[in-house]
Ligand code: NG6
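Only one chain is included here, represented as structure tokens and corresponding to the form predicted on its own.
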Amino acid sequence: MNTKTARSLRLLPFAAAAAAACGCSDEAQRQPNVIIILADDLGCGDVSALGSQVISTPNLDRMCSEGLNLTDAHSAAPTSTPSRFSLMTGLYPWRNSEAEILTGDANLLIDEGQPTIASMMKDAGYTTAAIGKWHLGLGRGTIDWNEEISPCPNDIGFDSSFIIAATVDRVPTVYVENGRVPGLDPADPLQVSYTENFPGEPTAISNPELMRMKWSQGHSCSVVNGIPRIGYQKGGKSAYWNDEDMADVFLEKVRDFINENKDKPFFLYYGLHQPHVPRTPHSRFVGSSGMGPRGDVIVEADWCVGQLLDLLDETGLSENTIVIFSSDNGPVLDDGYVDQAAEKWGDVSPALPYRGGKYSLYDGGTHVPFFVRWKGHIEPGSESDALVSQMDLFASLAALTGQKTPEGLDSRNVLDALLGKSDEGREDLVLGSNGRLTYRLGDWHLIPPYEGPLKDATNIELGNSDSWALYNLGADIHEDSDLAAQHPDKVREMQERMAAVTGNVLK
């Protein structure tokens, strides 16, 4: 059997699955491209189509009007690394004890042999790429940023990658392309440390005059491009990114990837860096929102989404491309820099109508925007209240492409819900990462007791209390009324079910 024939036979299961999903004959169906766009710290209250009164997001609104709005969709956890780990692996983040917010020099969380959504799509015949924010670690052991870094995204299912290692506020402030830092000067090697500063190197504390942006908490280490960061960095100056140009750099890489692969099936993971701190919009967007830097970078991110949708329309790919948009966790205003976000928003929470936000056990920690656009296949302007998780994209795309979901995953096949063909999603869902979990069962949300402050430095309600809390989101969307005392049987039922999933003995 020749290679071409073998590949055709391998794709036959996909043709049948995709044809069934969209009601088309397999002769007329080419496997659809899939693009996942993941924003960073964007809340439901940041999207005008979802009710924002302070920000206009015409391109995200366009995704709603041209596709499906899933109104009960969740990241797996209220912080970045754990939720991205789940999206990528189809596993709850608490199954990996290291799946917490990573430093910029952390090692890759995912073993090379572990199935990922990218490796599954690659097995289905797709060309795969990761572009944008990564924050899942790189390499093994101490990373030498001046040599090839392995493993990297290319070792867990991606054919190509152009990423930032962690977050924009963490060193190293360089891009990593296919495991290498582009633009490095061998005479000025890049060094990174998260334990101690390099001798003689300035910091935000020792040399505040270097800063063009002030920090409010947590960002007092190396100053790069006038911005104080988390972690220490020395050398590598020729490879530093320009913060204001980052959106354009990523978008250009996205355009190149789509144009180069438009004649074959492709899978793209596009990690936006907005509106995570530091918020540094390109000059084209400064002042565009009237809501300061945070508002301006949301407008910038919205523009990026619009540019991608326009490209798909212009290249005739929209009817054969599924675009999924979401955010890695709930929103936050003051997350370590003085940029007037809290003052500009005032009493308006970007998590509305949900309580909490990033870091929180309340619903606003994981309740995120989730739109699916597939022209000609999903009813424009449709809406679903199916309970879904980003973790479910693994099993759902496996079903779409005719691939077998590996045993042991927590991902569930909710493909019909993602395509607007059913309002049936998951029955239940554990939310959170190591040591801080909550449990959803239908409209019920159970929050175990946890020690700690009621609010953190970001002024977000964390949901900590000394007793079990129970909320009915169907009747109380903002979780204002704790019903645990009124429904002890429901609390007990949910404790038992949560324990059955997590393996923990909950009292």
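For every residue, the number given is its place in the sequence shown, counted from 1. Every value quoted in this text rests on a predicted model; they were computed, and no experiment measured them.
The protein also exists as the form predicted in complex with the named molecule; that form is not presented, and the subsequent description refers to it.
Residue contact with the named molecule in the model of the complex: Q217 places a heavy atom within 4.5 Å of it. Using a 4.5 angstroms threshold between heavy atoms, N329 counts as touching the named molecule in the model of the complex. T79 belongs to the set of residues with a heavy atom inside 4.5 Å of the named molecule in the model of the complex. Contact annotation: L418 falls outside 4.5 Å of the named molecule in the model of the complex, judged by heavy atom distances. In short, of 459-467, 478-486, 442-450, 36-44 it is 36-44 that has heavy atoms within 4.5 Å of the named molecule in the model of the complex. When you look in the model of the complex, the only residue of Y359, W374, F285, F257 with a non-hydrogen atom within 4.5 Å of the named molecule is Y359.
Listed residues K253, H135, H273, R436 were compared with the named molecule in the model of the complex; H135 is the one with a heavy atom within 4.5 Å. In sequence order, T167, D169, R170 are the residues of 160-175 having a heavy atom within 4.5 Å of the named molecule in the model of the complex; the partner itself is omitted from this view.
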